[in-house]
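The data below hold one chain only, encoded as structure tokens and taken in the form predicted on its own.
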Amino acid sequence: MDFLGIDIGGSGIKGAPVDVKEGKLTAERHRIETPVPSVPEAVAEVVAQIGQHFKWQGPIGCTFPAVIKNGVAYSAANVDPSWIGTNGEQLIAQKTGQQVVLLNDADAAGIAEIEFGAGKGRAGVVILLTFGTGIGSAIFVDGKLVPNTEFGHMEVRGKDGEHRAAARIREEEVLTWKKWGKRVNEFLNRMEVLFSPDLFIIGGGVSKKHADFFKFLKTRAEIVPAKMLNEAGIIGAAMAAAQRFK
């Protein structure tokens, strides 16, 4: 059975139906620019438009770049702050007329990677980090998710870690792969001190260029690139919907 997965990001909102048994999109994904300002009503309307594009009837899984508890956003790092305290799950359900589950974006990506990607079959402590506009994170212990970690906001040298080591910072500060890689490595080293992981999975669009910076990363844990790439959030969101509404 297919479920619709929608990945809400700071710059774009994209979705597609997903075969949750195979972890594959069953139609070409549809993307719409994230509205500016990215207030709840406007974002929920775009989600509804994506549903309409696929003529979707049935449960929907949505990712969101924030701490999400029982459908409510408790933070808003790269979206409008009016999301804080908003029950996004209820709002999107009203706009789409469908059952909805809302979860943290990196958690969704991690769910996909653990089930179908680089973390498949891996025991112990696995940490997924997505490097993009910010740094998203998901941690799994023997395949079980510890939700809403948001490690990108951990302090490193007096500021949020993502303000030093996100892929956006590499572009804005025109850093070489070596200089940026050292910042990423510093972030990973901090993760090792805290959690002693067995595996790091590096995701986000920059993971496609992992050969350019992995050589500058030195950790005790194994480091591998994500396999699901930009489809991870969509697939993980659909999987969360399948789990909730099976």
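Just so it is clear, the structure is predicted and the values come from calculations on it, not from any experiment. Start at 1 and count along the sequence shown; that's the residue number.
There is another form of the same protein, the form predicted in complex with beta-D-glucopyranose; it is not shown, and what comes next is about it.
Within 4.5 Å of some heavy atom of beta-D-glucopyranose in the model of the complex lies at least one heavy atom of residue 65. Shown alone here, residue 102 lies farther than 4.5 Å from beta-D-glucopyranose in the model of the complex, counting heavy atoms only. Using a 4.5 Å cutoff between non-hydrogen atoms, residue 153 counts as a contact of beta-D-glucopyranose in the model of the complex. At the 4.5 Å threshold, heavy atoms of residue 96 stay clear of beta-D-glucopyranose in the model of the complex, well away from it. Contact with beta-D-glucopyranose in the model of the complex, defined as a heavy atom within 4.5 Å, is made by all three of 77, 106 and 135. Checking 81-89, 111-119, 127-135, 169-177 against beta-D-glucopyranose in the model of the complex, the stretch whose residues place heavy atoms within 4.5 Å of it is 127-135.
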